[in-house]
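First comes one chain, alone, set out as structure tokens in the form predicted alone.
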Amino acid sequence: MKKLKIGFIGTGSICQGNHLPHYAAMTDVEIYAICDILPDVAKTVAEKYNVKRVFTDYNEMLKLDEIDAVDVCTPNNFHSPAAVASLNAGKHVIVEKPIARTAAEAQVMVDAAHRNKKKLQVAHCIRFQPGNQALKRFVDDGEMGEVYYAKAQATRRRGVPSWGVFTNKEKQGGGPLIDIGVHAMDTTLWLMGHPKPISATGMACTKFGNREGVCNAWGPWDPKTYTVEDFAAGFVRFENGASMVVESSFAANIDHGIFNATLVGTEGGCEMTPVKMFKEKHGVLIDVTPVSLPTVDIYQQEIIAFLNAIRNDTEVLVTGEQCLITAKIIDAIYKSAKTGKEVEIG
């Protein structure tokens, strides 16, 4: 079997901790080129993985015809330009979540993938949890009936990222809604079958981020450079009559953090954390809890799925089109928070 040659754009913590090690452990792929705007970082990573081709400009790296696919792990503001350049260069792309800062940036990526007939997968690793895979099978088989309501939650009591660019709106596009809320929304929408959203209303506020001396599990951040929300919530309506509530926070005075997707249907309901289903059988209310689920590394699984889609020429599990829907919802919630009005989603 021909080895797939992979190029990497952005080699920060997510790439070094959760992407590169898995590629390195595979015998049928080759870490072929490394690109990072920080020369010392690029050099260090390249030496660790014995990579001879090292770049600080991804446009130069993309001139290598040998590269089959590119893994993009940059800050959010570079997702779209790096992915589009890679797709235009004839490479398949896996890009870290969120797909982009805005729906407009995401649309350009989706269009480039179609135009160049290349795979575009977004690294929403939560879908690959065995429990969520099981829930999806139950939902698709009709066990929940008509899903008419859902809730996506990704809240932290005190979990403001005090490193990197997570608190920089220009580079990230927003705060908890686009950083961790996007994971909960992606899983919820996937379980629902990605109904078409038609409108959203929401709020986003900063109550802790620009204050000095706030207790934080991950240490202090600089309130002078904090430009994102620390709490956001939204209500989304879908064309099929269903609705979804979204709630996300970096910091909030709550009992504990929650990361969950909840579906409510006519024949049953389910939750992601912990994995459980709620049914009625023979006149009795029952809870259904899967057992003996396998233990997997979800980052490894998303990479394997991406590589298999390339080799077998099949659709990736997390498509650009699906993530474009999520990006449109996030855009609408942020716009509604700014205008105080419900926002239509086209």
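Computed from a predicted model, the values in this text were never measured in an experiment. Numbers follow the displayed sequence, beginning with 1.
What comes next is about the form predicted in complex with a small molecule, which is not displayed.
Residues of just one listed stretch (62-70, 274-282, 311-319, 32-40) have heavy atoms within 4.5 Å of the small molecule in the predicted bound form: 32-40. Proximity of I14 to the small molecule in the predicted bound form: non-hydrogen atoms within 4.5 Å are present. Heavy atoms of C125 reach within 4.5 Å of the small molecule in the predicted bound form, making it an interface residue. Though the partner is left out of this view, A327 does not reach within 4.5 Å of the small molecule in the predicted bound form, counting heavy atoms only. Of the heavy atoms in Y58, some are within 4.5 Å of the small molecule in the predicted bound form. Contact with the small molecule in the predicted bound form, defined as a heavy atom within 4.5 Å, holds for exactly one of Q172, N260, S243, Q133, namely Q172. Note on the partner interface in the predicted bound form: the residue among R157, H194, R237, H183 having a heavy atom within 4.5 angstroms of the small molecule is H183. No member of the trio L87, N116 and F306 reaches the small molecule in the predicted bound form with any non-hydrogen atom inside 4.5 Å.
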